[in-house]
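Presented as structure tokens, the chain that follows is alone, the form predicted on its own.
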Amino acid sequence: MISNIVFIILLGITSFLFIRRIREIRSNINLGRDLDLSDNKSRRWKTMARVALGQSKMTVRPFAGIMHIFIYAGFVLINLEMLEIFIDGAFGTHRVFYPLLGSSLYHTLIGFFEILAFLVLFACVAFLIRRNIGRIQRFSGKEMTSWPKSDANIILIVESILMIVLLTMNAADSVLFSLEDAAVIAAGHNQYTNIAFTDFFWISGIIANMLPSNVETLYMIERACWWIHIVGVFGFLIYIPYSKHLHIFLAFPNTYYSRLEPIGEVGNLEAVKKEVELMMDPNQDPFAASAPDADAVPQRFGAKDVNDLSWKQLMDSYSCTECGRCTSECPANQTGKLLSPRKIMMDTRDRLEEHGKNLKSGDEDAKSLLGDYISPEELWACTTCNACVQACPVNINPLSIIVDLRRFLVMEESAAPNELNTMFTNVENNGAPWQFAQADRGNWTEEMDKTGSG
């Protein structure tokens, strides 16, 4: 009964802390501008199924993709065994599903879960080696400070420990089940009787050969592994919402609400679009129709801070896996320029966290995303090629944030580079980016007429 009470208390604390953090993240995301993404539901479901569930963009890099699928499949399917562990912890049972499923099916399922656990362990070790020994270039960068690097290692190490203790727990169980019932009952552990098999699978069988045959020692090993595993799972759940691994939950809504338009299409600002439409409509009085509401707060052109971005862009920042695929594909970054799309997303998330805390505490906040976190030099290095958008395994769009921040620089601050200012002047005066009057646009054809090329 004491162990059951301890388990329930730990479960309650974990649930409280996890839910509180999720609500905090949701509140921060809701600080963004409204954006209606309720269209094309069937296409959105298909996108989520293909990208988030099917891991279609992960396999572009085969080794990392396959290893990630091992961890992903293990995380999803081993939770079925976790359900049994939770029931056992709450009600004091042991292997509660065994009598319900029968010996053959239960043995098959546990064997399958052990294969997954071994593959997860193998993938975690492979990723640890790649990150810390292989020196993969995309895992470095000015934004990859000690915390992002430690974050990835912490998760991989914790997952490895969880798989090791799970397999060891199964191994200890299998030895206990193989002992004579009389010996087990004499030791006071009746829950280890009436089990019709000796080994769950070959993996636990290998570990079982290294364990002692003493009932009490085996029981202590099994209970220690059970508690290490469950406490590790609880700690993992509390930790995830503070780490980049929040993407294991947000990848699904983020891909569902991802951009459906062609990635090369740049959307217009709604306020500017409305003004142009009024000017082009001969039946409208643009001055009367566009007169501002006296009580309305003027909408900022572009974005200066996180609250100027849409809720989807803020969700993108929390969904970032910090894998660096976007930055490794960025031509500006490859040529040594300051821009890193991954840094754009990490800076947006960090600023959103800071802004949300300041709002909650009522502290003065004089900072902004543009300037304090992201510099104009980074923004103007972007070529808007969409390589980062194409590379992201969960359909994050760093370019949309870059474009909105640049719009603010141009339309609110008049802070475009000189080359662009020259182009803007030409467009305003000549109706084209070039420094030629409209009447002279066709002059180049006269030379062709003289040479007979026309």
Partner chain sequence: MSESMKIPTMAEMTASGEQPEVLFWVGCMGSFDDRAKKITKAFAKLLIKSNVKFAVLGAEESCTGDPAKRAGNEFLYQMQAFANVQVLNGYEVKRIVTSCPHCFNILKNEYPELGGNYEVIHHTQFLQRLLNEGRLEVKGGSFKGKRITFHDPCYLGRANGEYEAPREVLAKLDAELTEMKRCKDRGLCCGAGGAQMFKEAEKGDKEVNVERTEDVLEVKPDIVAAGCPFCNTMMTDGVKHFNKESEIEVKDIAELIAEAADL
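Numbering follows the first chain given and starts at 1. Keep in mind the model is a prediction, meaning the values are calculated, not measured. The term rigid core refers to the maximal set of C-alpha atoms that superpose within 1.5 Å between the two forms.
One more form of this protein should be noted, the form predicted in complex with the partner chain, which is absent from this view; the next part is about it.
Taken together, the three residues L269, T335 and M423 all lie with some non-hydrogen atom within 4.5 angstroms of the partner chain in the predicted complex. Stretch 336-344 is the answer when you ask which of 125-133, 150-158, 239-247, 336-344 has residues with heavy atoms within 4.5 Å of the partner chain in the predicted complex.
Using a 4.5 angstroms limit between non-hydrogen atoms, K273 touches the partner chain in the predicted complex. When the partner chain is considered in the predicted complex, I9 lies well away from it, no heavy atom lying within 4.5 Å.
The closest heavy atom approach of I207 to the partner chain in the predicted complex falls outside 4.5 Å.
None of the heavy atoms of G65 is located within 4.5 Å of the partner chain in the predicted complex. Checking L119, M315, C382, I230 against the partner chain in the predicted complex, a heavy atom within 4.5 Å turns up for just one residue: C382. Distance criterion of 4.5 Å from any heavy atom to the partner chain in the predicted complex singles out E329 from the list E353, E329, E143, D308. With contact defined as any non-hydrogen atom lying within 4.5 angstroms of the partner chain in the predicted complex, the contacting residues in 409-441 are V410, M411, P417, E419, L420, M423, F424, V427, E428, G431, A432, P433, W434, F436, A437, Q438, A439, D440, R441, given in sequence order.
With the core held fixed, I22 shows a CA shift below 2 Å between this form and the one not shown. After superposition on the rigid core, the Cα of G12 moves by less than 2 Å between this form and the one not shown.
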